[in-house]
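Only one chain is shown below, in structure tokens, and it's the form predicted alone.
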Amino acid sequence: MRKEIIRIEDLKRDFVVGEETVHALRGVSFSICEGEFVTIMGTSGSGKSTLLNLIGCLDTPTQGEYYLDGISVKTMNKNQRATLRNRKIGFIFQSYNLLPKTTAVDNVQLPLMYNSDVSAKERRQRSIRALQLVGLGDRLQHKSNQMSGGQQQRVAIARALVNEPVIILADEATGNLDTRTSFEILTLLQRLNTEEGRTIIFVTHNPELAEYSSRNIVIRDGRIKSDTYNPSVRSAKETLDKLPKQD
């Protein structure tokens, strides 16, 4: 049996807007095990972003339970959630969220700055290892404003890996990239999943990406519409190899 990383039970999230209560999530339940590559899909207003914020420990549910690596998140205060988020989750964002005039290695070190158990020397070593893992071992001292979008996203992935999190949470991680660069990033994520055993949750509105993950959860109107496993995961590298080379 693979270890359960995420367990969500009857999760509900309400927001009060003026005199109206908006039911963003209406009772969502699922679990995710170590080593899965899961896409979570839904149109705007489906509850997908609300679910992402709850999984990412950026918010707490109105009702229901959320366990991250066996730890109940619901009862935690803001500071406890921030510590859990920093130690257990690696985030990859659509807009990279890098410091523009800062080197790749310094950008990657950022999550470790909040971990007093890691020395400055180990911070740097782990950051270099993470950059090598994403193919940027020769770009350690490049500043993010000197890099292409694809290279910046690789730095963001290295930053997500540096704390050795139990899950990588990618929010529209290929949304700002052209087709070829998107498949380069998807190839990297597939490799991290299959070769490194990383658990990946990829939140997206692009249905094509479901073909490249092992499982797809679709959210509609605050509920799970479907939760299906993919028996024949497509290789992002094979798709990438068929795309025309860029000049």
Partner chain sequence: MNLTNLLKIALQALNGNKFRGFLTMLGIIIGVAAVITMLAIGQGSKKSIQEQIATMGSNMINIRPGGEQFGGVRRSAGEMQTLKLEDFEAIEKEAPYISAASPEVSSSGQVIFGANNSPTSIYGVSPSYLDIRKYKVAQGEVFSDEDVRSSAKVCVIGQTVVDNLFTNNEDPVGQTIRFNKIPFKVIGVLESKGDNTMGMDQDDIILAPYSTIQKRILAITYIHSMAVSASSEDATEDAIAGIQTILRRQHKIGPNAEDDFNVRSQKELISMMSSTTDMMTVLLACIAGISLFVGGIGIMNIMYVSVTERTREIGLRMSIGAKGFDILMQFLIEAILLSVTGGIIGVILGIGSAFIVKNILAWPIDIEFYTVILSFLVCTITGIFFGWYPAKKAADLDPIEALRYE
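Because the structure is a prediction, the values reported are computed rather than measured. Positions refer to the first chain, counted from 1.
This next part talks about the form predicted in complex with its partner chain, which is not shown.
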(request) Look up in the predicted bound form whether Arg129 has a non-hydrogen atom within 4.5 angstroms of its partner chain, and give yes or no. (result) no
(request) Please check if Leu110 has a heavy atom lying within 4.5 Å of any heavy atom of its partner chain in the predicted bound form. (result) yes
(message) So, Asp106 and its partner chain: in the predicted bound form, are they within 4.5 Å at any heavy atom pair?
(response) yes
(request) Considering only heavy atoms, tell me if Cys33 and its partner chain come within 4.5 Å of each other in the predicted bound form. (result) no
(message) Under a 4.5 angstroms heavy atom criterion, identify the one residue in Gln141, Gln146, Ser72, Ser95 near its partner chain in the predicted bound form.
(response) Ser95
(request) Please pick, from Ser49, Asn193, Asn216, Thr181, the one residue with any non-hydrogen atom lying within 4.5 angstroms of its partner chain in the predicted bound form. (result) Ser49
(request) Given its partner chain in the predicted bound form, answer whether the residues Ala210, Arg220 and Tyr229 all have a heavy atom inside 4.5 Å of it. (result) no
(message) Given a 4.5 Å cut-off on heavy atoms, tell me which of 181-189, 51-59, 23-31, 36-44 is the interface stretch with its partner chain in the predicted bound form.
(response) 51-59
